[in-house]
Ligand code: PRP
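Below, in structure tokens: the form predicted alone, a single chain.
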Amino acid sequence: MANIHPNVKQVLYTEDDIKQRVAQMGKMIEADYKDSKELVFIGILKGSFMFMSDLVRSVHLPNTLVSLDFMSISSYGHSTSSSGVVKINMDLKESIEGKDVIVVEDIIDSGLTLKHLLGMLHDRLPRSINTCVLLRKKEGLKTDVPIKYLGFDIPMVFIIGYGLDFAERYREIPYLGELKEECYKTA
């Protein structure tokens, strides 16, 4: 693979790997929601924006009103692991009451942030709520979180690219790669 960023230790998933898996996930969503009247994709900013864009474009539900909304929730700051302290930076613009909802998340690390979010959204009385997650660090889970649509399980390394960042850098990289430790370890 050409043009590997110098701070990437190794590429875990290429652009083609991602494209193929997102298309597969889109087909699963189509099958599961073919009878839905109204489906809301909720993207968790900022990391999910590329994934959600590609995912939504891969879902074709001509008889369903499909809409998008976004939330911004932080639990990382400038660290490489979730702090467990969840802060809502931006809430939904529209009500989800009575609607089918898919929460689109870039990565599940400890599961604490998503568990908190799902509890909060459940209280808003959607018809159904499921999750679509690009990456899961299964070994890092601290709580059981339901994931209906999963892209890839990954090892306990820090991942950048395809919307995922470290300290607001590297989101533009079109593949998913492991960030070199020297980029985030302090002396």
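Start at 1 with the first residue shown and count on from there. Just so we're clear, the structure is a prediction, and the values are computed from it rather than from any experiment.
Omitted from view is the form predicted in complex with the named molecule, to which the following refers.
At a distance threshold of 4.5 angstroms between non-hydrogen atoms, residue 112 is in contact with the named molecule in the predicted bound form.
When contacts are judged by a 4.5 Å heavy atom cut-off, residue 171 counts as touching the named molecule in the predicted bound form. The named molecule is not shown here, but in the predicted bound form it comes within 4.5 Å of a heavy atom of residue 107. Under a 4.5 angstroms non-hydrogen atom cutoff, the named molecule in the predicted bound form has residue 47 among its neighbouring residues. Annotated contact segment (heavy atom within 4.5 Å of the named molecule in the predicted bound form): 38-46, selected among 22-30, 62-70, 124-132, 38-46. Annotation for 154-170: the only interface residue with the named molecule in the predicted bound form is 165 [heavy atom within 4.5 Å].
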